[in-house]
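Just so you know, structure 1 and structure 2 below are the same protein chain in two forms, each on its own as structure tokens.
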Structure 1
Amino acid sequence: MSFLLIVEQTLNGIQFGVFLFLISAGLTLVFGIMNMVNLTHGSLYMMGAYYAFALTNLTGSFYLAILLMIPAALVTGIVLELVALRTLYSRDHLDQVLATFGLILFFNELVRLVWGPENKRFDIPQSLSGHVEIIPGIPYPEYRVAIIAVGLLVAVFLYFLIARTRIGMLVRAGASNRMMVGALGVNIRLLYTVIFGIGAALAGLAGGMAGPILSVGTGMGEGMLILAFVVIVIGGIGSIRGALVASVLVGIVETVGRSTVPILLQGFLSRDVANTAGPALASMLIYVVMAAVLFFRPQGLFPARTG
């Protein structure tokens, strides 16, 4: 019983890690290559969820909505980059934090203005609403399996993009040494816009897929944003590989920790104390992990930057 619970929670953790990976993959590149602290990434995740909600209602098909939502998120990201963020690349981190903080307020209010303040719900598509036994004896929702599959596809797609294409070559060069890319005579502005757009599309995709299982509302992106920061810090700024490993790690620690720490504590603490301390400890767990990683490796697990 307890074993089944742990397996199921681990799968949930992986699935949550996929969301985190989709958000942090783009974000870690923005941080690493543009040297930009960007808080609006959570808003792009939120916009993705609202786009998916609106398009599902409009088209009546969740799949179509997701397909249409990706270019919408891409365009949103590109417009955001062109209008506001581009001028911030040369500013210091403090300016970037404050300006993008202001943009979060803007996006949250925009969403309230357009879609109203109440949370939105839309359903898992009929065709994915069943369960499947990936491991015999443990039925697991098909939709969550699909999310994990999409995450794997994106990871493979990014691997090929980065390992095999010219953009990827520039991204790799940029993450380890920003000056060098400039010296290569590349159109840096265009490269940045493209990277930002792809990052926005991935974050939006995460939001769209999260829509049916988490509630859609203003502020939904902020919790994810901060978890994505934790992921990036643990993984190492600028490293997609680091983002992947850390996403899964954070996803599992967060999910499994919440369900098992209170139970584990009951083993050696009184029930009352365990019931109070358990959830508290569980919610702090990933930050403890982060602090521990940084204590030993201040540059994260996979430091990408060399100069």
Structure 2
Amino acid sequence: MSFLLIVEQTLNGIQFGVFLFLISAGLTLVFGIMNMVNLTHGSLYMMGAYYAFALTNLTGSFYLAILLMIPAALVTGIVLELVALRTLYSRDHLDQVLATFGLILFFNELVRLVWGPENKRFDIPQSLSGHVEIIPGIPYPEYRVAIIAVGLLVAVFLYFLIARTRIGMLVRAGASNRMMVGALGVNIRLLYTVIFGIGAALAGLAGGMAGPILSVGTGMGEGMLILAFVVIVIGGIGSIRGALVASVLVGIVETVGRSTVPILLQGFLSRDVANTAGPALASMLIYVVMAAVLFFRPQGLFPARTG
């Protein structure tokens, strides 16, 4: 197992973790503050990818497509919250799961109707198609570096939004006692709509940036949604810092595990068996990590501070 392989897969894990953070950051706000189990969050990730695909073809510019896709995802989230989800806040989690699962089916059929059943693909922009040496002698794709940079910028933006602005103060207060915040004259419904819209925009951004390196297809958000729930459980529900740390942790465990576990298994199993069992065992590592964190820290690594 070479040093080059470990470094490359670690960087890939960080990049994958950034994808997870963009999704899980919005999900942890919705789940932790609004107490809403929103299974359609993965569908918003998928819609962002399709929006980016369509806008790239329409404008001929990936960068312009991303800039237009973000408000499109924001509006989609706001409309979804106003039309379908607002009435679910007072319902129990089972009702929320059933309703949002139905919305997953709706979005999957919607993209089949609009874009067809075939998977879509669009190219990495030419300006980011090269490589850069983050570590001397180890080239790494510029586009993946750009994804990491965008994720870190989003993390900084969310930190200032939550910790340094009035909206952030209301978000933290609403997470602590929404009834009291409403009694003080704050429009809780509007606050929830804003939070949901921001979460949708972040999920859409992740989907849009995933488009050039992943296949854009129906149901592409379901697997990411499962990992996003794992992230917010590990990091702490409602915690942006926890979502960032847990996303990177899960991304590295997932990516490095898939490349190294089969190699390690070849030491005492046949190559075919190792290559078959390795990816499955690597996927299990994420849930082993989650179980370990829950055993030692049931509230997650960084529980949200509401004060």
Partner chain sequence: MRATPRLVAIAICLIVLAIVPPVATAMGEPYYLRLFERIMIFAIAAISLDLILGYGGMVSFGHAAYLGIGGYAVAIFSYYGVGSGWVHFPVTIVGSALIALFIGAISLRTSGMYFIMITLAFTQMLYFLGVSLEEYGGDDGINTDRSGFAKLIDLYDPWTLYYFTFGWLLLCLLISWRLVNSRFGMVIRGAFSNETRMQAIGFPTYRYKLAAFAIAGAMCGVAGALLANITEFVTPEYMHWFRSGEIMVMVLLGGMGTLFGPLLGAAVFLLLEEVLKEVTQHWQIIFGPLFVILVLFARRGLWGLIPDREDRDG
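Just so we're on the same page, rigid core means the largest C-alpha set that superposes within 1.5 Å between forms. Structure 1 provides the reference sequence; residues are numbered from 1 along it. The shown structure was predicted, so the numbers you read here are calculated from the model rather than taken from an experiment.
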| query | finding |
| --- | --- |
| Structure number, where the criterion is the form predicted alone | 2 |
| L265: Cα shift of 2 Å or greater between structure 1 and structure 2 (core-aligned) | yes |
